[in-house]
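Two separate entries follow, structure 1 and structure 2, each one form of the same protein chain as structure tokens.
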Structure 1
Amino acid sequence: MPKTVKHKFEIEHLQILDEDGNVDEKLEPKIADEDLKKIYETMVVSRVFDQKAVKMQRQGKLATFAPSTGEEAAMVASTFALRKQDWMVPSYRESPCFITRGVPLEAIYIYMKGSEEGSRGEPDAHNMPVSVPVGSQPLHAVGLGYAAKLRKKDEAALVFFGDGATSEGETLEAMNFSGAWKTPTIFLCRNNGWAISVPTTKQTAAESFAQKAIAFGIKGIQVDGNDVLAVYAATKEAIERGSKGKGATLIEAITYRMGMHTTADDPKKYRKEEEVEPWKEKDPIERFEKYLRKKKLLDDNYKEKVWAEAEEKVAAAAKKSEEFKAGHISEIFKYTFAEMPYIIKEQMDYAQKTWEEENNG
């Protein structure tokens, strides 16, 4: 018996806007002019916010910070495609996603300064808090989507994670669950080239991360992650697919981590500046500017205004966060359970008493 071909698979790569700002009109998503400007403005605020955060950390005003410079298109354009009722499920690098969802800038700074107060969020905002353990949050996105389905609600969940996170078992379990349960889940893998010091070639022998979808029976696509239009279009399509009950999508967004992993990292130890250089040419904000200019939605005046306003907003938020002080010692006990058991109440009373004696005593 000859061997037969059982299945053949392909992975598509989507680019709509090239590095010179040329657009493929057949693929160009319909986005209202107002919205195009909003995406641009959000990316600019994100960039300014990011660079300020690194400076603040250096001045001891933030604890640790994971910058997102260079990854704004992958984060902002995808989050922008969400409907209000959809869920945004971040890892730890997605400040731009919080910004897109309207979370106050100072809240993000306050969290990064080292207070849980900054990650309270709003009950109906459908934004999950920062998730630090790599690969732990994709399963939550699947659960969120399953719950929505069961409760007859049209809510998709968009979960962000990195190239490194695809090595964690839980990430792969999440994709498998989403396939088996046909949940409205969008897995957005930010392939930014690096997991701290480890390049993608050491993470996997696969040619792409997008192809991992094939094994789980979900849709997989690779997009130019620095192309706002491609990221937006792929996410929009994935939301529709999920919403119609047709299952989950893995989007691999090819981008690049322009900065350090976190403020605790020194990339000089493992990568050459020459590697970073070509990515400067691919800057997602500059590329989108070219597009907006061609569409007559952006001129020098507008651009200047957007950057100046971003500086102002960010400075105001930074100031608020600088004024923020640690809460009372009782705050660390209060949220452990709905009701405080007396065994913890006793610890709290002791903590309060000894802290007072030691510091005000």
Structure 2
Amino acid sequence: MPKTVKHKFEIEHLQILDEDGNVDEKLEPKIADEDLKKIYETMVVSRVFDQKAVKMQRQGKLATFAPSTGEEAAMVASTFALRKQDWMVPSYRESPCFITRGVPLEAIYIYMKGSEEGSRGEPDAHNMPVSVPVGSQPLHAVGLGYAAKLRKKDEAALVFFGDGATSEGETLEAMNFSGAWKTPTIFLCRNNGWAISVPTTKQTAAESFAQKAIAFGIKGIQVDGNDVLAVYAATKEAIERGSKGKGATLIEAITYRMGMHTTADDPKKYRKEEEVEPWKEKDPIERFEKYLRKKKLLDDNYKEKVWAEAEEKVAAAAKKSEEFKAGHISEIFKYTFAEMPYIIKEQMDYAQKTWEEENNG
């Protein structure tokens, strides 16, 4: 006889800090005052860095750049929750995550100029390089988590991706394996409303991306992605779950892409400005400022100082990146294989010859 199997489920939506800076004290995570200020300062630097990068790209000083304005809370707060031994696995929009992990600003700019000599942090920083192919990096994060589990190391892997990546097979495969293997992986989906020109409404028929976790036997939670405290708390809990062997977590951070997908994109061709306006009122930095004011951790003088110092730091980093001289073109072919395949050697020789002809007249 046929049977109907019904599964009931609910997805928690977490908000701790509202748009006016009011906090739910029962849910408020314990974060030291100095750390709260550090998070704020990092968000500000990230915003200024972002704005400068767009200008530099327009001037031909950087390659294509993916802005993060409006998504700083989802990136900075989650990365701040990581321990030193944990892994950060980015897509192409996570400049704020590298900044949070202490990577020099000029190194990020240099990398965006197309040079691998732009550092992604110290060798033991556990920062993976930028992954451009959409949805590919969740597999890397599961591999890192599985390796940590096999080696009995207390390490978690936090991987970032957008809502568009949830339509890629690699992302779903990664979640499936993380569920089966109970890896300490945190999948952070930045649901910023748009996958280039495809809106969330056309990306999935599901009511949330967080509910997709249920099919893979992992924990799913939706958070207000512009709420620093909610993002931090959800990430911290996910790390603790992984450390205790309880497996992976999928966090859907509801936020918004204030600017273009990348500097190669014109969002005015597919979305109306009136859609963007309400999100300006939800700016994560302004919301966090309201919270810090109520905690007596921010006043006008401190705010002005933070923004001024951020401008100085970013300007100095941009100048250093412009003065940087890349190494020989042959460098881009090295360090992948222990023994270079002949076909790569042929490409390197050709590139080297062409490079020398162009640079030596």
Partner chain sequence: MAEMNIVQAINNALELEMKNDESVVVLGEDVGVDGGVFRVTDGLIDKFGEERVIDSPLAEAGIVGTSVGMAINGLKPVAEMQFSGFIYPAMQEVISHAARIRNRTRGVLTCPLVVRLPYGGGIRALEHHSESMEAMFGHIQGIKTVVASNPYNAKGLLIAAIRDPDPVLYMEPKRMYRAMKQDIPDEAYTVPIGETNVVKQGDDITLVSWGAQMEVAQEAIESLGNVSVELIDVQTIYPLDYKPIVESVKKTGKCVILHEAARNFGPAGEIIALLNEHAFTSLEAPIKRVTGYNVPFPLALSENYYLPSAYRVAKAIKEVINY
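If you're wondering where the values come from, they're calculated on a predicted model, not measured in any experiment. Residue indices: 1-based, along structure 1. The term rigid core refers to the most C-alpha atoms you can superpose between the two forms while keeping them within 1.5 Å.
Taken from the structure described as the form predicted alone is structure 2, whereas structure 1 is drawn from elsewhere. The Cα position of His13 differs by less than 2 Å between structures 1 and 2 after fitting on the rigid core.
Once both forms are fitted on their rigid core, the CA atom of Gln51 lies less than 2 Å apart between structures 1 and 2. Here the chain acts as two rigid units, and between structures 1 and 2 the smaller unit rotates by 28°. When the core is overlaid, the C-alpha of Lys334 ends up 2.7 Å from its other position between structures 1 and 2. Once the core of the two forms is superposed, the Cα of Glu346 has moved 6.4 Å between structures 1 and 2.
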